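Heads up, what comes next is one protein chain in two forms, each shown on its own as structure tokens, labelled structure 1 and structure 2.
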Structure 1
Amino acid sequence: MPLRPILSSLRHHKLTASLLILQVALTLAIVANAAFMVAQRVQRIHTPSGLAEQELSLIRVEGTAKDENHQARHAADLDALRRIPGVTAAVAVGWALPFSSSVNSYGVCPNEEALKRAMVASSLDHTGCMSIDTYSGGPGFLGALGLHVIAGRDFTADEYVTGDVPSILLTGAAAKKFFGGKDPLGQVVYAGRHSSRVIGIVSDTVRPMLRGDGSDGEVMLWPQLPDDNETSYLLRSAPADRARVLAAAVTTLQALDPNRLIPETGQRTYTQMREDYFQRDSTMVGLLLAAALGLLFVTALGVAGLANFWVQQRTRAIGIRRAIGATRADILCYFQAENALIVGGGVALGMLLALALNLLLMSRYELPRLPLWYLPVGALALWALGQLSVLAPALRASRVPPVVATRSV
């Protein structure tokens, strides 16, 4: 297919062709970045927690009397909850858990020297200390969550206390951050003036609120018994039994003390908890997909509309070409090639605009750098969409009979 006649034709329609090139370029720039953001959000939504989420439910109880023996109340509640058919584990846990949006964070130092530096500087920055999110609970909470010890040991019964804890467990990421290549087992860490010994490394889990800065796996677990007016009980059961177990747990706890509050918002399966946490991400994915698909649809309409207009405008010229020997395939290829040039120019400009838009988003919203492979993939997809959009008008043009040239004279 000779390109000179096509380029000559486009020079006579500079403004129209330029506007379509600009539309294609903007579409590629926006859609490439939107696709990247969708991929980021989807990856975030599917972040593994390391817990047995499909088997877990939580129930929050409020309003136990302040002068009540909380530990005796918890023991009575847990004894009753464990009697519910289908419950395989029931423990009292702290209010911070993965995707709970409630953070229980401590400044912890790997040695006394780091602690002194932090106290002198009144900051953890550049001292070797770090702020780490903590999960706590009663005996058995590690197994109930679905976590397991991969080095060292679990907490013993006498290590569960209501105050300062004698021992802690770290995730592998937290241990590496604290001690580098040193063996973390037996090391002592300092939280304020209190010290605890690292007794084990636990399987991977994540912070209550994801940061996305590479530190999401840095978590500490300690054997601290909940001792407050408000308590959360973690129940483990078969996935299909969770709704029934939750309903039975409410009835059981109310029967033990009808004066306590068990809000509906505090009765959730872990699946619901994850959905609530990532609700904004899911909404953003939907909005981005709708915007990207809408933009692609408008661009496809623009390409098809311009091709239709040019077919109508060139009907006589097409008839003349057919009369002097052009085949239907020649006419079809002409319009496809013309569209390929326009959309090709648009995607070339669009790749540059996509990079510029990504730099702007990085500076304003801390978006990661757009992987370069998004550009050729997006360009190829948009170029293919352009070819499909122009196919119907091009086929219509190819069916123009040679006699049209005579009728138009």
Structure 2
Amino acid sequence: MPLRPILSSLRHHKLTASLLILQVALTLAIVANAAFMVAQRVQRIHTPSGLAEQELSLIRVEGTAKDENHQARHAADLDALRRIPGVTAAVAVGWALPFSSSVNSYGVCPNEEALKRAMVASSLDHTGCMSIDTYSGGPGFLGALGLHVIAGRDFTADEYVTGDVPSILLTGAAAKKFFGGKDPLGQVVYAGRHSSRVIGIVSDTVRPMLRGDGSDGEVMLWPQLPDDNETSYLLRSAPADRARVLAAAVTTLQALDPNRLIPETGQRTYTQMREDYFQRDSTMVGLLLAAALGLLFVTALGVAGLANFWVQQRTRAIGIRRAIGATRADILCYFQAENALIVGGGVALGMLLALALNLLLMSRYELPRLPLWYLPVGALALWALGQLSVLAPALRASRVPPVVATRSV
């Protein structure tokens, strides 16, 4: 296919052609970055928690009576909850859990010297101590959550207390951050005025609010019994039973004490908790996808619309070419090639724009660098879209009969 006639014809439509190039370039720049952001968000939304999320539900209950014996109340509640058909485990848990948006973090030091340094500085920074997100609960909360011990042992029944805990479990990430290469088992850590022993390493989980800075897996678990008017009960059941189990739990708990409050916002399956936590991310994914599809649609529209015009405008010229021997395929090829040139120029410029846009986003929104392979893939996709959009007008052009050449306009 000789390019010269195409180029010389485009020279007559410099302005229009460059506008189309600009549009294609902008589209590629935005769509490539949008696709990258979608990938980032989708990955975030699917952050694994290590819990048996599919089987868990959480219910928050608030007693209104003063001076109640919380432990007796919890024991009675849990006893009733475990009787609900389908419930395989029920435990009282603390405020903070993965995706609960409630944080319960403690300053912990690896030795007494570090603790003293931290007390003097009134800060944990640069002292060897760290602030660590903590999950707590009653006997068996580890197993109920779906976590398991991968080294050392689980808490024993007598270790569960309402005050200072004698022992703790760490995730592998937290143990590494805390003790480096040292064997964490049996180490003593200092939290405020008391110390606890590391008795084991628990399977991976994530902190309640993700930071995305590589520290999300650093979590401590300790056997502290919830001891408050307001309690959360964790229920485990088969995934399909969760809705029924939640409803039954509300009725059961309300029957045990009609004076307590069980807000509807406090009755959630873990699937709902995850959805609520990542709600903004899913909104963003939806918007980014809508914008990207909208852009591609508008660009395809522009390509097709313009090609349409040019075919109409050149009907006579096409007729003449057909009359002097050009085949239908020649005409089709001509328009496809013309489009390939314009969109090709557009995507070439667009790849540069995409990189520039990514740099801008990196500086303003802490976005990571756009992987380079997005560029050729996006360019190829856009180029193919251009070829497809021009196909209909090009086919119409190829069907122009040679006789048009002899007609006057």
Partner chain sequence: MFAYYLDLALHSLRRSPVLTSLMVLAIGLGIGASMTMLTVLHVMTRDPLPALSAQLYYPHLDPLPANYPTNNDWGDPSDNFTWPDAMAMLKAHRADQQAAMAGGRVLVWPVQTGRLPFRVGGRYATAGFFDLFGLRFEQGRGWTMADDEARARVAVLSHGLAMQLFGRTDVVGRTVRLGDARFQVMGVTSEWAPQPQFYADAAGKGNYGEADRFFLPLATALDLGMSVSGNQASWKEGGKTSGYYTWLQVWVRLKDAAQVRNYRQFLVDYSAEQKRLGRFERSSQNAALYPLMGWLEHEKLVPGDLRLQLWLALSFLIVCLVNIVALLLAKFLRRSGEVSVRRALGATRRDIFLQFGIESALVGLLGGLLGIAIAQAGLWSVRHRPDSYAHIARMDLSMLALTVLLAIAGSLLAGMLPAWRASRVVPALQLKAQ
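We call the rigid core whatever largest set of C-alpha positions still superposes within 1.5 Å between the two forms. Quick caveat: nothing in here was measured; it's all calculated off a predicted structure. Counting starts at 1 and follows the sequence of structure 1.
| said: Looking for the form predicted in complex with the partner chain among these two structures; is it 1 or 2? | reply: Pick structure 2 here.
| query | For residue 153, is the CA shift between structures 1 and 2 at least 2 Å following rigid-core superposition? | reply | Shift at residue 153: below 2 Å after core fit.
| task | Would you tell me if residue 114 moves between structures 1 and 2 by 2 Å or more at its C-alpha, with the rigid core held superposed? | result | The answer is yes; the displacement is at least 2 Å.
| Aligning on the rigid core, do we see the C-alpha of residue 263 shift 2 angstroms or more between structures 1 and 2? | Stays below the 2 Å threshold, so no.
| What Cα shift, in Å, does residue 193 show between structures 1 and 2 once the core is superposed? | For residue 193, the alpha-carbon shift amounts to 3.3 Å.
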